[in-house]
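Next comes just one chain, in structure tokens: the form predicted alone.
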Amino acid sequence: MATGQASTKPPDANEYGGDEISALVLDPGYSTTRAGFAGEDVPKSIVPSYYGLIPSESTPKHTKQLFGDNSINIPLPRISISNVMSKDGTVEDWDTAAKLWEYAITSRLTNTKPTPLVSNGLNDPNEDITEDITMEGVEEQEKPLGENPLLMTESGWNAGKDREKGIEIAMENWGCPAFWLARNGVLAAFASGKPTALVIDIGASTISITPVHDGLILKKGVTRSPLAGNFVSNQLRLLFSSSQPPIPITPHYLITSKTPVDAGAPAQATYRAFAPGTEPHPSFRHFQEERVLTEFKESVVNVWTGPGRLGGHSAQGGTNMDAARQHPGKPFEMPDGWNQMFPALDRYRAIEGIFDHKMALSDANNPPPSPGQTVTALISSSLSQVDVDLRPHLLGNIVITGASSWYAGFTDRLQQELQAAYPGVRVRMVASGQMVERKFGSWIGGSILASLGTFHQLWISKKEYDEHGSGIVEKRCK
């Protein structure tokens, strides 16, 4: 699957550890960052790509950074929440991203190694020493990944300067003996056993369509749009605010106690109060509200599976929206105890905009999506950029990955949409029925790839990096 300009010289085990040392796989995303050892089924370290900031009382310009679930979900005084990734799935804050990724690796997988006793001056022999203590190599020994090759994933539209920054961090900051940079789409196809595939990756911030042919990404055919998990969350916010009465989203941290109430009755809860000047930043509340919306999406939201689109007409002459109103609702309870049965139409409406831009809710702060941003339009645009003879092969090998594809009815609806758009072609999809495999598709592909003995000759070694600089990643990692 992986291709690159391999060295004609057999790999030296001393350069990057050989078969005895486990490689690490790092898969950064907008919502979470996944890390683990190559050859394992799932990543052992899963940390939010969000981080907390607490301003210093003595020096307001300085802030303390917090990483990990256990830190950023506590309503500490004046805590704010930021993300190291931009909304298009690329790194926005490299300095903080390097710290967060190192935390993801060292907190769960490895530990920063202490300075060897023979080099730290504490085990000096008794005889007099006139020479200074040699400190060469001490800094290298303290590097957190000095014994682990690293395979890192990236989006299909990652810029060249960002690719070079990734290898610089791995080699210079972490001391990795070897490095490889792989595209998410290629790895997701690899995890599904497909050398050629059309990979549909629906994450938190982005839907991306990546055509892969013989293990290589077809860059012209890569398309993306923001109609992903966060878009569905915004649709729910608009749906809740337009309800009568409006449905408030009260996050867990504001509730100290609650009393059960009947469906539709006002909540009876005791709310937490903060002393003046100690309230968490509004970004913290927004982050906590997103956690509630994630619970709602996972348990309530469904995709309308037809026939036809939700905004269309049924075969009986009525509208599909009228038909949807006859479907059973689903209950949901907010953290403060407020609950109700959510009608099927609302559950379908929240995600319909991904398929039909006309059905998306909008307001002044959330403009309606364009027709070309829907998932079906993205696929059509992607296929139009590849060779005509390759299109049927790609449509027959569609791989669906990403946590935001885990909505009931999603694959069935997409199958209908594509079959209607390409009636003369057999459309076949591969969508794992295991949530873990769907959520961590690109990481699993990287785990398989980095554990192959035949892949070891493709690693970019530290020696090669020192000789050619960071630009080698553009030549080797296609």
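One rule holds for the numbers: they count along the sequence shown, beginning at 1. Predicted model, so just to flag it, every value in this text is computed and none were measured.
Although it is not shown, the form predicted together with a small molecule is what the next lines describe.
Undergrad: Looking at Thr376, Asn230, Ser71, Gln288 here, can you tell me which has any non-hydrogen atom within 4.5 angstroms of the small molecule in the model of the complex?
TA: Going through each option in turn, the one that passes is Asn230.
Undergrad: Considering Arg78, Lys297, Lys258, His357, which brings a non-hydrogen atom within 4.5 Å of the small molecule in the model of the complex?
TA: Exactly one residue meets the criterion: Lys297.
Undergrad: Heavy atoms, 4.5 Å, the small molecule in the model of the complex: which of 205-213, 367-375, 102-110, 243-251 makes the cut? Say which one.
TA: After filtering at 4.5 Å, what remains is 205-213.
Undergrad: With the distance limit set at 4.5 angstroms and only heavy atoms considered, check whether Ser31, Arg34 and Met435 all reach the small molecule in the model of the complex.
TA: Each of the three qualifies.
Undergrad: Does Ile217 make contact with the small molecule in the model of the complex, using a 4.5 Å heavy atom cut-off?
TA: No, Ile217 is distant from the partner.
Undergrad: Does the 4.5 Å heavy atom contact test between Gly402 and the small molecule in the model of the complex come out positive?
TA: Residue-level check for Gly402: yes, a contact with the small molecule.
Undergrad: Does Trp174 reach the small molecule in the model of the complex if we count a contact as any heavy atom within 4.5 Å?
TA: Heavy-atom contact with the small molecule at 4.5 Å: absent for Trp174.
Undergrad: Would Trp338 count as a contact of the small molecule in the model of the complex, using a 4.5 angstroms cut-off between non-hydrogen atoms?
TA: So Trp338 does not count as contacting the small molecule.
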